[in-house]
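For reference, the chain that follows is the form predicted on its own, supplied as structure tokens.
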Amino acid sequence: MRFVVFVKQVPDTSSVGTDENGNLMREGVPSILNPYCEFALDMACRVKGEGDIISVVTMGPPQAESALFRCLELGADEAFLLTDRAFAGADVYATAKTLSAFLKKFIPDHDLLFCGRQAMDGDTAQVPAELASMMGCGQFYYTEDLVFSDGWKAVQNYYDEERECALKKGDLISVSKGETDPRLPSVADYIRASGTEIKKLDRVDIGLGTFSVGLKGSKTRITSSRPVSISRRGILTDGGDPTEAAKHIKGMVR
């Protein structure tokens, strides 16, 4: 089987700023592999069988290569970096369009698609659904496990209600939970990863025009952004008289 895992390198949110368009400025900021994406990769590795291939894909600047090497260390077989200055500033729509164009051209025979529930920077959790819509496949949010019983089934958890949904070839799952004991790379994994070439592709390789990607191909615009601070103050009241305390609390609620 051919599993494709979409991952993202995210900046350290404690030291990231924004430009005049409200886009995150990633250059020079320490970055990590998005935790939810690592959950998705770990799930793919756990269900991988003999002869199966796990491909990891990310769209980002050249520095995103380090996140892909991390994925190779964790068990991925091959990695693709979609990198082009024209990709900068992409919203959910432009991102999904780029990823779907890549899939259709380079891995059209995929069996299952994996995404993390959301990225820690944009935090929209919308790319998996948008990508599934463009690919015309089923999408399954809040997936916590995969089981095989007359075919693959996604184990989903909606507000503590668990259910199993049958998957078809080409479907996409969005992973919301990781294992408490994740797989750790071995020395052999490090050596294999360092010797694996990461395939780099730009918009021309994928077959997209300048106005189809990045900020120019986006449907949304950030008009302004500002930090929000929430402050609360504690109010003490004498609880010696329950009746008076209740009246005081009732007045605060109003």
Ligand code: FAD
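For every residue, the number given is its place in the sequence shown, counted from 1. If you're wondering where the values come from, they're calculated on a predicted model, not measured in any experiment. For clarity, a rigid core is taken as the largest C-alpha set superposing within 1.5 Å between two forms.
The form predicted in complex with the ligand exists for this protein as well; it is not shown, and the discussion that follows is about that form.
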Just to confirm the contact call: exactly one of 116-124, 142-150, 162-170, 70-78 touches the ligand in the predicted bound form at a 4.5 Å heavy atom cutoff, so which is it?
116-124
Spell it out for me: taking the ligand in the predicted bound form, does every residue among Met1, Leu112 and Ser176 have a heavy atom no farther than 4.5 Å from it?
no
Evaluate Asp84 for contact with the ligand in the predicted bound form, applying a 4.5 angstroms cut-off between non-hydrogen atoms, and reply yes or no.
no
Please determine whether Ser225 contacts the ligand in the predicted bound form, using a 4.5 Å cut-off between heavy atoms.
yes
Just checking whether Thr220 would be counted as a contact of the ligand in the predicted bound form - the rule being heavy atoms within 4.5 angstroms.
yes
May I ask you to check whether Ala132 falls inside a 4.5 Å heavy atom distance of the ligand in the predicted bound form?
no
Applying a 4.5 angstroms cut-off on non-hydrogen atoms, the residues of 36-61 near the ligand in the predicted bound form are Cys37, Val57, Thr58, Met59
Is the C-alpha displacement of Ser225 equal to or greater than 2 Å between the shown form and the other one once the rigid core has been superposed?
yes
